Ligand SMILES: NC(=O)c1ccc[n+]([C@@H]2O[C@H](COP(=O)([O-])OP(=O)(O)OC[C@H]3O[C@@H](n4cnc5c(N)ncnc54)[C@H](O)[C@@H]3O)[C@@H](O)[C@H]2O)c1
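First comes one chain, alone, set out as C-alpha cells in the form predicted alone.
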Amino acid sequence: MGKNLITGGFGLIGRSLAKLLLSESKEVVLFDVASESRLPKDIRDRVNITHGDLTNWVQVIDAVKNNDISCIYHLGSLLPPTTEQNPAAAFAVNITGTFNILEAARLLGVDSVIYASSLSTFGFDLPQVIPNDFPQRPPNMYGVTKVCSERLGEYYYSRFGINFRGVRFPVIMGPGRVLGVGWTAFTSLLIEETALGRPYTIYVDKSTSAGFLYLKDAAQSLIDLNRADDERLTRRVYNLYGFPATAQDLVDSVKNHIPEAQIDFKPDQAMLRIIETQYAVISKRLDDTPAREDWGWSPHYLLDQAVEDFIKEVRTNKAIDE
C-alpha cells in the first residue's frame, strides 16, 4: 500500500489530517513551501517531508514519484487576502498547482485525489441554505480558483478516470490559524489567544455570523470521503457543514469555559465591508444532505464541544512545546 501525500501539509488542516493518518499507522508525506517550524513536535519526526512549490511541475511530480504515493490530499492553496492582492499568484498556485497534481496523478497512476474546496465558490443572491449543486458565481479570486479546480478535477475524472473527490468547507475553526491568513482567522484566534490567557479584540460586530466546521471534523471528512464506496457517490464534490454561530455566540461559549477571558469588540468598518460584499456567503448554511446520504458524513463537534476541545488542544500543545 502506498503513502499519503498532503499538499499544504504544514497548514491548519494538513497538520490535523497528518495526525489522524498517523494514528491509523499510515505513512504520510508532507509537501509544502513553508518552514518545518510550523509542524507540531509530536509529528515532526514521524512524517516524511518534501519541500516544494505546487507551481513547479518538476517538484510536484518528483514528490509523487519518489514517495510511492497512492493518495494525494490536495489542500495546498493561497488564501485571502493574498489571493485578492495578487491574483496572478492565486492563479499559479491554486489553479496551475491543481493541474500539476492531477497530471502527476494521471501519469503515475495515483489511486485517488481528495480536494479541499470552499463555500467561497458561491456568490451573491444566495438562499439561506445553499444546495450542493447551486450555481457557482464567486465574487473573489479565491472562489474563482476553487471553482476552476473543481471543474479540472471533474474533467480528469470523466476524461482520464482519475478518482477525484472533493469537499466544500465552511469556515474552519481550530488551533493553529495564522494571523492575517484568511478573513475569518479571528474566529479561531479568539479562542486560541484566550486559552493562552491573553486578551483579544474582535474586529467584527457581535451579530456577525458564520457557518463553522471544527478542524478535527474537517480532517476526518477527507479520510472518510477517500474510503467511501465509489458506486454510492452521486457527484465528485460535496458541501459540508458543522454549526452556525455569531461572534457573540463564540464569546459566550469561550466564557463558559474560561470565565476570566478578556474579550472586547472593536468593529473594523473596512473589514466588515469586505465580509459583507465578498464573503456574505459565510453566513449561509451549506446543504450537506448528499454527503450524509452518499457516504455517511456527520460532524461530531458542535459549537460548545468544538470550543471545549479547542481550548484543551491549545493548552496541551503549549505544555508539550514547553
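The shown structure was predicted, so the numbers you read here are calculated from the model rather than taken from an experiment. When you see a residue number, it is the position in the sequence shown, counting from 1.
Omitted from view is the form predicted together with the named molecule, to which the following refers.
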### Message
Under a 4.5 angstroms heavy atom criterion, identify the one residue in Val237, Val113, Ile172, Ile191 near the named molecule in the model of the complex.
### Response
Ile172
### Query
So which of Glu36, Asp294, Asp42, Asp53 gets a non-hydrogen atom within 4.5 Å of the named molecule in the model of the complex?
Asp53
### Query
With the partner left out of view, is Ser221 within 4.5 angstroms of the named molecule in the model of the complex by any non-hydrogen atom?
no
### Task
Flag Leu303 as yes or no: does it have a non-hydrogen atom within 4.5 angstroms of any non-hydrogen atom of the named molecule in the model of the complex?
no
### Message
Although the partner isn't part of this model, could you tell me whether Ser77 comes within 4.5 Å of the named molecule in the model of the complex, counting any heavy atom of the residue?
### Response
yes
### Query
Hey, in the model of the complex, is Leu21 touching the named molecule, heavy atoms inside 4.5 Å?
no
### Task
Name the stretch, out of 113-121, 153-161, 240-248, 201-209, where some heavy atom lies within 4.5 Å of the named molecule in the model of the complex.
113-121
### Message
With the named molecule taken in the model of the complex, which residues across 5-41 come within 4.5 angstroms through any non-hydrogen atom?
### Response
Gly8, Phe10, Gly11, Leu12, Ile13, Gly14, Phe31, Asp32, Val33, Ala34, Arg38
